[in-house]
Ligand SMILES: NC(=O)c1ccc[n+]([C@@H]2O[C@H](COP(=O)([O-])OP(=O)(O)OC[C@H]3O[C@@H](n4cnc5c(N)ncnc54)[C@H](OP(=O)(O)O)[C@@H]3O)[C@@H](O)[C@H]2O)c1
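One chain comes next, on its own, written out as structure tokens in the form predicted alone.
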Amino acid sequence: MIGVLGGAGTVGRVVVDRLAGRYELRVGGRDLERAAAVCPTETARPVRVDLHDPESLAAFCDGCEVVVNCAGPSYQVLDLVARAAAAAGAHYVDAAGDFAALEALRGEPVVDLGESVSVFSAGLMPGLSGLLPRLLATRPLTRLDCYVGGAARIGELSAVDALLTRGPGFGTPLVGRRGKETMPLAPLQKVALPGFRGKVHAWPFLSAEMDALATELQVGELRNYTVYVTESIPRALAEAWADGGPLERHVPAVVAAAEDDLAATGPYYTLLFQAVPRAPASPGPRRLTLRTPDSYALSGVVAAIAAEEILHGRVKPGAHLAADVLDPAAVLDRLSGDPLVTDVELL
């Protein structure tokens, strides 16, 4: 039995779709009718559940082999569902989550995971953004450049998550990594990048995920950029961070800015990674590009893959980030055949 919490949402319904027919599913949400609407087979059963009601959440997790959490916002969920899954003896996959959620689970009160698995950041970013660059690190790299972004509709909960990325534990804007030190980086304005439509704006952001990746791969220099198709979202975020007041009051501006981007190019998202090996003549790929029309939906594909990897015993027990335990080549192979991926190049 796989439980999908938030199964009627944009991410959750993709998880249900990719797993339905092959596994018995429990599809949970606060609205039972919405949950029922995404249950495509007799093996998928809708269940009313409120993740903020401990008894309701415990009952949902009870009997599940894996619980996949697609409910948010991640800054509120943190390790709440992971702890409930562990108490029920279930494995856990979070389509969002990040270092903060992982550290919360590892903190107090202590959770004995035993032989169970908890995987966070099983989505697009963080997730694929930290997993796929490893395919370019088949030999030592002098430099790794990462570009992730495009145009996507942002809901109110996702807008809050975006506003919080400047907070402690998430990352540092306008810097990259050189060796063990940070280095200042300037935004790239109106640049043409492979896989992106027209001229785009790339804003440097050394996320916690990329900082850890640079250390693990021992990259000489790492530059990570969030890519926007217009300046609307960077402007809205900058105004919110400069304001100093409650971030929540800037949510409408971020949501509206995302609509500006969609009006400019239509929906699409691109992950672009470019590597410079230390030995110029060394064999191996130097660029990876992946495109999708829906970044949130693609996160559902990644979460479904993570759940199956756990069920097949290919993830070791313990609490992890998806990028640290999934096989990047196997994941890319699965994604290449998925209808939500419109283009993949590994050159």
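This one's a predicted model, so the numbers in the text were calculated from it and none came from an experiment. The numbering used is simple: start at 1 and walk along the sequence shown.
This next part talks about the form predicted together with this ligand, which is not shown.
Inset, instruction - Flag this candidate site as yes only if 34, 123 and 126 all have a heavy atom within 4.5 Å of this ligand in the model of the complex; otherwise mark no. - result: Yes, all three are in contact.
Inset, instruction - Using a 4.5 Å heavy atom cut-off, state whether residue 157 contacts this ligand in the model of the complex. - result: Contact with this ligand, yes.
Legend entry - 4.5 Å heavy atom contact, residue 161 to this ligand in the model of the complex: Result yes; residue 161 sits at the interface with this ligand in the model of the complex.
Inset, instruction - Would you check, heavy atoms only and a 4.5 Å threshold, whether residue 45 touches this ligand in the model of the complex? - result: No, no contact at 4.5 Å.
Inset, instruction - Spell out, yes or no, whether the shortest heavy atom distance between residue 51 and this ligand in the model of the complex is within 4.5 Å. - result: Yes, residue 51 lies within 4.5 Å of this ligand in the model of the complex.
Inset, instruction - Name the stretch, out of 133-141, 194-202, 214-222, 90-98, where some heavy atom lies within 4.5 Å of this ligand in the model of the complex. - result: Residues of 90-98 come within 4.5 Å of the partner.
Legend entry - Heavy atom contacts to this ligand in the model of the complex at 4.5 Å, residues of 231-262 in sequence order: Sequence-ordered list is empty.
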